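Here's a solo chain for you in structure tokens, the form predicted alone.
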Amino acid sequence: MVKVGVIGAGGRMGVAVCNAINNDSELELVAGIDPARAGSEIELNNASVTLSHKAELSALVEAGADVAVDFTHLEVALTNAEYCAANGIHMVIGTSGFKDDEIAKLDSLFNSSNCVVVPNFSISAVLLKHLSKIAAPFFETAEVIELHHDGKKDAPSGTAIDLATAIDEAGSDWAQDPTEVEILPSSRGAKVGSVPIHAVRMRGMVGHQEVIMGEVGQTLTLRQDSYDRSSFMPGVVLACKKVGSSEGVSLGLESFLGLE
């Protein structure tokens, strides 16, 4: 049985993660960290389990957590990572936006335990990236459209940046953008290498990624859609189970799914 603590347990995503862990026979939810909700109960589907939010990370050690799942934001996640690494706790980070030097810092921290940083826990998003990398060498142009709910604060999403980076690196001979005049600034999107990203923020959406690749006389469109936060839970559960047997710092779920 893998004992899991959730950091950021009070938000909607955190509650969903707590329930997913609580409902899996191989995982045990032992701690929920959320300073803003300390003392209040975590809302679990299983009414026989009650767990109070804690304010301090020390609750992870007190509860004997093997793994900590972090759904906070970048700056906080890095601080949390230092604590978990120092206390031999494996870490699953669902925060995006890490730069190369920050990943390098994580590498230096996790010596006695492991860490996985996952831009997107949706299995369909992982497969979209995998299939896009396979297709990229056969096309000369590619663009990414990412669509999210209107409550998302950042643009483009970490998932879209990761996806566009993978496509750009997998391609062999990208055509130059023929645009010479942008009538409206940024109308061609934000580029990662030769791959533009277009960000849509709209009510009614959750998280969606679309890749369009073009060659003379033909296009290929690949798309994944997450309609509910439940779409991320199988990936979270998988990461909690696999992180203990991985080495050091891993990026994404690919290796856990046998795609690398």
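Since the structure is predicted, the reported quantities are computational estimates derived from the model, not experimental observations. In this text, residue numbers run from 1 along the sequence as written.
There is also a form predicted together with a further copy of the same chain; it is not shown, and the following applies to it.
Trainee: Using heavy atoms and a 4.5 Å cut-off, decide whether 127, 180 and 199 all contact a further copy of the same chain in the predicted complex.
Mentor: So, yes: the whole triplet contacts a further copy of the same chain.
Trainee: Considering only heavy atoms, tell me if residue 143 and a further copy of the same chain come within 4.5 Å of each other in the predicted complex.
Mentor: Within the cut-off, so yes.
Trainee: So in the predicted complex, does residue 186 come within 4.5 Å of a further copy of the same chain, heavy atom to heavy atom?
Mentor: Contact check for residue 186: yes, within 4.5 Å of a further copy of the same chain in the predicted complex.
Trainee: Can you tell me whether residue 26 touches a further copy of the same chain? I mean in the predicted complex, with a 4.5 angstroms heavy atom cut-off.
Mentor: No.
Trainee: How about residue 104 - does it come within 4.5 Å of a further copy of the same chain in the predicted complex, if we only consider non-hydrogen atoms?
Mentor: Flag for residue 104 set to no.
Trainee: Please pick out the stretch from 80 to 88, 171 to 179, 109 to 117, 96 to 104 that is in contact with a further copy of the same chain in the predicted complex, where contact means heavy atoms within 4.5 Å.
Mentor: Partner-contacting stretch among the options: 171 to 179.
Trainee: Can you name the residues of 3 to 24 that have a non-hydrogen atom within 4.5 angstroms of a further copy of the same chain in the predicted complex?
Mentor: Stretch hits: zero.
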